[in-house]
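Just the one chain here, laid out as structure tokens, in the form predicted alone.
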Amino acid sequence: MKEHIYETDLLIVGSGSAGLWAAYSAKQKNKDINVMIVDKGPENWGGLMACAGGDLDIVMPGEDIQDWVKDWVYYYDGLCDQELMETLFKDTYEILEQYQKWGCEYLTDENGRMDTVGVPQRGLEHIKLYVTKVKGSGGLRMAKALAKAIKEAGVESLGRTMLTDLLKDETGRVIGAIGFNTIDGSFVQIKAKAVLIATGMGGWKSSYMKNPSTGEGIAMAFRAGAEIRNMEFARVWNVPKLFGWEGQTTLLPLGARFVNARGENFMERYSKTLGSNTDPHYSTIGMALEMRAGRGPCYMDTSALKPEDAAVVKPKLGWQYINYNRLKDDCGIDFFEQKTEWMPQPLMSYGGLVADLKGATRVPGLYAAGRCRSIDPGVYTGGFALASTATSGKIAGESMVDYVQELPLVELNQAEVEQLKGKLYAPLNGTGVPAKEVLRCIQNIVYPYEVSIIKSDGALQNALHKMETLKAELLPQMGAPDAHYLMKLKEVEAIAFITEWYIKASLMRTESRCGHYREDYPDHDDNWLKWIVIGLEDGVAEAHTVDVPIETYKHPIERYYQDNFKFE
């Protein structure tokens, strides 16, 4: 087996928006520092950013960031890290300006102004999305611009490499990582002064472009001693049954709506105030209840869109443009002329690593940025991810430069490396249960509505029993015939970790709040104004709660977004 040994000052795991921004900002702060970015996919491919529409949430000049924070306190039902949200979004306009310098374009009015054409999100007063000019390829353009910038800055990139374990010195500081090449299986060791995890969310390998999000970075950091929180929250999206699409966060504010088989705008049954113009967490609850009542299937109806608005959101390039034309030409489906059937689909976990305002975890030398860190509790606004991943990556990259200034590179403990190497390659024997079969079992556990959408104690307890059985009996039997399937196996191990704690935390939170709805506890409970935090204590994973420090925050909790809805 071939081996490769690398050395760098800053090791960044993940080449999505957060990882690329961290690498770019680190080199901008100190051009002489060595930065290496590693990804299990192609070199600097851009992660989910490359698949995204390219829209951004931007606090424009003259706006008060505190107005945005107050909107989030309301939208998150109080479960808002106010200091973090202020830190991440106060400099978003700087991010926008840099993208524009790189040639990325956004919609403006007839006078060339962007601030007049923001799309309000989720019925909130201040949070707005700014739309990319060329719908369907905005994210890819951003990814290519960032990849070019870090290459010109001298960042070293390593693709098709999955890192599996972090290593620490005798003081507990992270000093490197090990992993393998996903093509030829060669072993990889990397010595580093600090490591950033920027690998995205955990998830269940659902359809469309969410397939890469499996949580292996989160699980790796957790094993090294980092804490995780918000594991009870998951993104359950409403998606077209027959094809991929992107952009409902723009379509719904502009007049599109969800209707049932009778043609009724069913979300008005559950919220007279917001109707369909809300987060998919709420509209998928409505979908599930409509289907339970026999009023399904459900559809996206775009007939109320104005022609000029439809022209703005109609895809012009990229995968969505290809989908649109194939649907129209081959299937006789015009997305903007007729109803299309949609359904709920569990996509990804909102749980992630706990980090401070600079991106540092509680493990010295270990940082987190982007969607792999815990930011929001299961509800979403369009453009949030591309903005928060950029700013959190930028902040973490700059902070890591400061952290490593006087630190030496430390030799990895080769006895520990050999032990981890043996464990890593143990399943690589061509026999055993394929990872795909285990993944299907996990999906069958977590996908039922009563586990992922309208949760209840009995269903969650049953799911936890199945998950514990799978963990004890099926996970140890997995095998991989080659390096590619070894990567798939490691992904499924991480998915199992994410799923177990999603179920346990969902059982623990006996209320409904934000992206967590318990049919047996349908209301918010002020005794639960706290985060569930999970960490290793003496090698054992344990969960505890941390109160939201409202008394130290700027904004009190005066209203709850959840109160706009009544689900029966």
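For every residue, the number given is its place in the sequence shown, counted from 1. All of these numbers come straight from a predicted model, not from anything done at the bench.
There is another form of this protein, the form predicted in complex with a small molecule, and it is not shown here; the text below is about that form.
Contact annotation: G515 falls outside 4.5 Å of the small molecule in the predicted complex, judged by heavy atom distances. Within 4.5 Å of some heavy atom of the small molecule in the predicted complex lies at least one heavy atom of A385.
The small molecule in the predicted complex is not approached by A22, whose heavy atoms all lie more than 4.5 angstroms from it. Among heavy atoms of M162, some come within 4.5 Å of the small molecule in the predicted complex.
Note on the interface: of 463-471, 366-374, 301-309, 436-444, the segment with non-hydrogen atoms within 4.5 angstroms of the small molecule in the predicted complex is 366-374.
Out of the listed residues S213, N230, Q121, S276, S213 is the one that sits within 4.5 Å of the small molecule in the predicted complex by at least one heavy atom.
When you look in the predicted complex, the only residue of A505, V35, A52, I58 with a non-hydrogen atom within 4.5 Å of the small molecule is A52.
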